[in-house]
Every structure is written in C-alpha cells, then in structure tokens.
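What follows is one chain in structure tokens, specifically the form predicted alone.
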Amino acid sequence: MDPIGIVRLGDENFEFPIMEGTEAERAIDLRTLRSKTGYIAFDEGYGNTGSCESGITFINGEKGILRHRGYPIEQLAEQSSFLETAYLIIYGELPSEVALKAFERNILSNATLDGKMYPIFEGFHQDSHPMAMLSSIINSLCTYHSEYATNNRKVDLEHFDAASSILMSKARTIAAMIYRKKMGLPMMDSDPSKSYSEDFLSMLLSKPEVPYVDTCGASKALDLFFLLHADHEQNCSTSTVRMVASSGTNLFSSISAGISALWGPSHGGANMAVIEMLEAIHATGDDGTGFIEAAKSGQAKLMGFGHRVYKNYDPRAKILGKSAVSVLEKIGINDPLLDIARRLERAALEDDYFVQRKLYPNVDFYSGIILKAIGIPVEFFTVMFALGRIPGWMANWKEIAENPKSRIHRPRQIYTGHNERNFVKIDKRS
C-alpha cells in the first residue's frame, strides 16, 4: 500500500499520497487538497512547497551537498569544464569525447550576431543597466531566429539543440558588446579557436590594436565561476523560467524572464554587495576586526554570509575561496580585500556568534573578488552570473517542455481586500 498522509480539518480527516524523491525527500501530495476540502495551502515565498519534480540538481542545505545529475559539485569543479558540465545539466549524462567536441563546436561557431541587431545596442541610453540590456536583447533573439522560437512546444523541442547553442554562444557576444558600448570601445569579433571563456574575455577586454591575451589563468578561473553557477535547483530565477515556460513560451523569451528575475539585489546582485562591503571596510582602515564586532552588535550587515537553503558551508564557496587565492597570486595582485575576506571567513567558522547562527560564507563571498581581479566591472557581476546560469535555465525549460502532463503554473492566493461593495456614482456637480 502506498504511504498516506493524514490532514485533519475540523473534525474530518483527509488522506493524501506521500511522495518520495531519490534522495529520500518526502512531500505530501496536495494537488487534490482544494477539490477534496475547499482549502488551499498557504506558503508565502514557497519555502515549504515543492513546485515540480526535477531530475537536474539536488541540494541538501543541512549537509552542504550540491549535485548535478548525481555528480558532486566538488568532482565537477576538479575534473570537468563549464561546457562539459553544461552538457551534463542539459542532457542528463556526461558526453562522450565526440559528443563534447560537437557540442563545443556548435556553441563556439554561433557567436556572431545578425548585423541587423547592431542598432539595438545604440538604442539604449548610455546609463542603461547591463542586465536590462541583456534581458531585452536576449528576448529579441527570438525575432532573428524565429524558426527556433515558435511557441509551439513540439516544434521548439525539435530545434532545441540549435536554439540552445545559439543562446549560449550569442549571450557572451551580447554581454561583451553591452560592455564595449558603455565603455566607448569598438566591437570585437569572436575567435572560435579559443575556449568558451577565453574567447569571451577576448571579446570583452581587448583594447583597440591590443588583443587581450590571458597570461595568468583568468579564463580558467572564469570557467570555474561559470561552472559553479550553472544550476542551483528551484531558486527565484529558475522558478521564473519554469513558470514562463509552463505557458508554452519559447526558450529565448523564457531565459529573458530568468535574467530579469536574477537582476534583483536579493538574488544575482549579492556578489556586488560583497565587494561594496569589503571596499567600505578597507576605506575606514579596518582590517575586518572592527566590522565583525559591529556585525555581532547589529550595527553592520555582513554580506555574503548565510543562505536561504544552506545551513552549512556552501560547497561552491569552499571551491571559489581556494581559486581566489590562486588567481590573485598568478595575476600578481596583492588585494587587501582578500585579506579582509579571509579574516571575515575565519570569524564565521570560529566565532560562536556566527557558528550558532550558521552564517557560513556563500558563493557570492568569493566570486566578486575573482571577477574584480580578472578585470570585470562591479556592475557587470550579475551579467557574469547570468551567463553561467543559462545551462540550468535551459535544462529546466527543456524539462517543462518535454513533460506531456505539464500544466500552466497558476498559484492561488488568500484575498485580503474589501468585501463586496456597491458602486455609487459621484455627482461631479456637487
């Protein structure tokens, strides 16, 4: 007999099935709650609500576990690349050598934009935020590749391989062009003979007559950053992509919606806040010690610590912490912000105040230091996050589109407005 959960409402018991995932997560299946009882479940922010069944990413926040398709993030960070991990996340299995080469070739050869798109960049105000531009221009891609963006699930799925390659590749080009327009620099062509991350840095940071050359492992560090951001279960932006996709919307427009959700400071903008915090600490001459005490007394806010899901050390932060030291050493930067960051990290691991509250460093804590060292401006940090997250968004779109039982997402609400009122027209002459 299948396990049953009992919900008691008033003096009546109602039975609902118990669902269990592959990692022994359990849920009460309340899909028939309203039809059986007339009640709905209220869970503001969805913190206790399973919105879908997914086979892409597993997180155990209490134990600090993150796996993609069953593979621990630590193994992927050590042995894989961003594009190989992207293939795994999107298609469910690690690729063969032949399949990986073909996947890389398809992405690297699709970087060039249609020339008719160039005026779009000129139409934005010089002070436009890069995330607003990225979301808008990504959405416009569906008008230049309309055969892959029909809003017909069957047709769009048939063209998913081509559409996903176009999206992953052109997103880099769009991001680089946004940066170069804002800096008043000429556009740079892609070089498909380079790796994904090296080609992006070249398009982004090359100066006129002085091509960017990676001499310190920056592209490898950026590749790791992308890999560690590739997917992270049902967060705000991923849930947004799934909700938009549930209506039958094409891949490009669904990803555009995810970018807009990521733009929020409580989501993708957190690594910017970390750098701003470290710079503010350094500007006062503090080595971090005073700030720690201020944070403990509630007089300062500690950015980059704690996580909605993780109640343990974010495994991605451990990996990036080691990478930050290595990158700065190779670049030859003696960044005082790293010293302050290390001091804050030690306090979080050793001070009872932080330990009891489980305020461990999260991935945003070190990612900003790495991006800053590479030469990425702070206002472009969230754009980097978006480029890394695209594989996870696409995998979730694909999961929705391939499910024949998928229904449009339509949450309920608890209405708190006025009761029924009678309309009385006001006499304008009085």
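Remember, predicted model here, so these are calculated numbers, not experimental data. Position 1 is the first residue in the sequence shown; the rest follow in order. In this text, rigid core is short for the largest set of C-alphas that superpose within 1.5 Å between two forms.
What comes next is about the form predicted in complex with a small molecule, which does not appear here.
The putative spot formed by Asn139, His145 and Lys170 is not touched by the small molecule in the predicted bound form; no residue has a non-hydrogen atom within 4.5 angstroms of it. Proximity to the small molecule in the predicted bound form, taken as a non-hydrogen atom within 4.5 angstroms, holds for one residue of Met131, Ile73, Ile107, Met303, which is Met303.
Checking Lys220, Arg180, His267, His282 against the small molecule in the predicted bound form, a heavy atom within 4.5 Å turns up for just one residue: His267. Residue contact with the small molecule in the predicted bound form: Trp393 places no heavy atom within 4.5 Å of it.
None of the heavy atoms of Leu83 is located within 4.5 Å of the small molecule in the predicted bound form.
Within this chain, Phe226 is remote from the site of the small molecule in the predicted bound form, having no heavy atom within 4.5 Å.
Remark: Arg357 counts among the residues lining the small molecule in the predicted bound form, judged by a heavy atom distance of 4.5 Å or less. Residues of just one listed stretch (317 to 325, 249 to 257, 185 to 193, 294 to 302) have heavy atoms within 4.5 Å of the small molecule in the predicted bound form: 294 to 302. Core-superposed comparison between this form and the one not shown: the CA of Phe160 stays below a 2 Å shift. Core-superposed comparison between this form and the one not shown: the C-alpha position of Glu78 differs by less than 2 Å. Relative to the superposed rigid core, Val355 undergoes a CA displacement of at least 2 Å between this form and the one not shown.
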